[in-house]
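First, one chain by itself: the form predicted on its own, in structure tokens.
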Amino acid sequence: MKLAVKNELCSGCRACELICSLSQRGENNPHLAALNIVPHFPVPGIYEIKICDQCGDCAEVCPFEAIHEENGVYTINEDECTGCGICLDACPNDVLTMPDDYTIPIKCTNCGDCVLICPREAIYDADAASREEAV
């Protein structure tokens, strides 16, 4: 799966942030999502969807080699991560985060739940020819 976005379709409902935090962290807290909806004001209705594109910049800078790639997805090995935060600054999409009460960063696992929940198909699987294939 290759996550992609169509910002012009985003309504700012943030269902993607909620499903991400629920499915990956077990909490209904959009601040724990591995993606971000950025409203652009003063113009109402303009939203930017920030997602992890699995570029690997975080893995390149990790001094402890705690971020590994498998099948095009970079994941953080919790046993190897020291929580130094160097990867946070390296993320070009600003979606790698570490809330105050976390000891390791939150990173997208490419699960695709955001694709399935988005009511306007603003987040989609670029590898799938149709939404049905993404399911």
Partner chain sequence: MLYGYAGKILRVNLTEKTHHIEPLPEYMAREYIGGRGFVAKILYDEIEIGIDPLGPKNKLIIAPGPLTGVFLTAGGKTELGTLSPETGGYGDSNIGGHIGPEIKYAGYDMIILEGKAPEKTYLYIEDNKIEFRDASKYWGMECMEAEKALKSDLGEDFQILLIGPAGENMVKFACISHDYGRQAGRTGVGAVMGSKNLKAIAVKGTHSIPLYDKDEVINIGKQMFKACKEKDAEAQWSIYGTIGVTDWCNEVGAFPTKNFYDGWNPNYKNLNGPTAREEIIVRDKGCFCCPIPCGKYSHVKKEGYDVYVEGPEYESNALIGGSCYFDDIKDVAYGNAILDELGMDSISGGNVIAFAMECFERGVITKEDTDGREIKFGDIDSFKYLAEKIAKRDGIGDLLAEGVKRASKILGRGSEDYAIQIKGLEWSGYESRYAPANMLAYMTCDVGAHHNRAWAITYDVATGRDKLEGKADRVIELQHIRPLFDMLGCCRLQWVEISLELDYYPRILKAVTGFDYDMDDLLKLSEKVWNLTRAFWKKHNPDFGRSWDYPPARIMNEPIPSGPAQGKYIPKKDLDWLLDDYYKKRGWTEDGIPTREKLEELGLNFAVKDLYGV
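Positions refer to the first chain, counted from 1. Since the structure is predicted, the reported quantities are computational estimates derived from the model, not experimental observations.
The next section is about a form of this same protein that is not shown, the form predicted together with its partner chain.
When its partner chain is considered in the model of the complex, only one residue from Pro63, Gly85, Pro44, Gly56 comes within 4.5 Å through any heavy atom, namely Pro44. In the model of the complex, its partner chain stays beyond 4.5 Å of every heavy atom belonging to Thr103. Shown alone here, Asp125 lies farther than 4.5 Å from its partner chain in the model of the complex, counting heavy atoms only.
In the model of the complex, its partner chain stays beyond 4.5 Å of every heavy atom belonging to Glu69.
With a 4.5 Å cutoff on heavy atoms, Asn29 counts as touching its partner chain in the model of the complex. Not one of Ala33, Leu35 and Asp94 is positioned with any heavy atom within 4.5 Å of its partner chain in the model of the complex.
No residues of 69-105 lie near its partner chain in the model of the complex, the criterion being any heavy atom within 4.5 Å.
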